[in-house]
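Given next, in structure tokens, is a single chain: the form predicted on its own.
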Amino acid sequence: MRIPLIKPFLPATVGERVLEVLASGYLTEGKVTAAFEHACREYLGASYCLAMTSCTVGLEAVLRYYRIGPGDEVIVPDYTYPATADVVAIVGADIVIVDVDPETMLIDYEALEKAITSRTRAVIPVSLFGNPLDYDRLAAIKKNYGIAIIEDAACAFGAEFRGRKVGSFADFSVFSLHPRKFITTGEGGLITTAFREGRDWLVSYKHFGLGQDSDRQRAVFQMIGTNYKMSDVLAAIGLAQMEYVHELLARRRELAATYIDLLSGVKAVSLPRTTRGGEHSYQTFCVLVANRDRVFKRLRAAGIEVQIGTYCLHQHPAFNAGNRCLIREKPVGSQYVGEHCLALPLYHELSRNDQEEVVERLVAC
């Protein structure tokens, strides 16, 4: 594609840091991963931050920390990447799918409350595309119903709500470091939390259940665990990028502002609404258009890589009733955004001329 959807920003220091790790001979999780966790924790303003092999396994691990499993229900929004719901089925719980607000594309909070039953243990709301959630609403729901708030913050690194970074509001927030994210390690994820007990449990779980015998100063495997450690090689990529995190986020917002300006007054294109009190991080810049699939094909034919936003879970066989999925009301908002949402190119080196061409061709469709 002449104008791709995304290009990772990889400064020269990425190669230098990776080579340093290779030269050290220590490639698994170690000091570099710890440094990367520290840099992310400081930036996000979180109490604790753990690196994982992916956002997906991070969500799964948090569910296991809560001992959520068969007989339990976990609520997820219909409009999201399947991983949000996959992890619920993986731990054996029932997936409860609810609608989204068509204006923000985020979980419909009224639908969420209606879906809560005596079996509901948690909700996994998604700060989709970098649009922060309404954490005030979620805090009230948690207080009223006693359920855990496990945020799928895959796309929301750098987003803010009322002046604080996403990652410091939910019980647990889980971020993705996939190459479509502006801070990437190739593959990887991060978990943030304020709970020391949760942090300690997750550290042990991702190291095969490893603990420490304080009397004998030797390793003790205190529970069944697994291997979700991030290697120092991958952490070195993220650590180098974190040196540019403020510049990278400012650039994304600058590019988003340019798109918004260019699309001002274009009646055929509408923009999703950012959460009130929120500051978008624009992992993805989305628009809502009629005849989305036709526009999609024409722009790609012109060498402009666009993409659908994400998926409506209820439309896919994996999430039918036979697979422990419950849909209590028809997802109307999700259906709408699923048919109209289009992601436009957005990356650090994207030029003004490229953005003008994207918009010109979009409007011409």
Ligand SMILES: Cc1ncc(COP(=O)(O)O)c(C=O)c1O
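Numbers for residues come from their place in the sequence shown, where the first is 1. From a predicted model like this one, the values you see are computed outputs, not experimental measurements.
The form predicted in complex with the ligand is left out here; the points below concern that form.
Note on the interface: of 232 to 240, 115 to 123, 170 to 178, 270 to 278, the segment with non-hydrogen atoms within 4.5 angstroms of the ligand in the predicted bound form is 170 to 178. Contact annotation: residue 337 falls outside 4.5 Å of the ligand in the predicted bound form, judged by heavy atom distances. In the predicted bound form, the ligand lies within 4.5 Å of some heavy atom of residue 128. Of the heavy atoms in residue 81, some are within 4.5 Å of the ligand in the predicted bound form. Residue contact check for residue 188: one or more of its heavy atoms lie within 4.5 Å of the ligand in the predicted bound form. Checked against the ligand in the predicted bound form, the candidates 50, 61, 313, 55 yield a single residue with a heavy atom inside 4.5 Å, and that residue is 55. A heavy atom within 4.5 Å of the ligand in the predicted bound form is found for one listed residue only; from 154, 183, 133, 150, this is 154.
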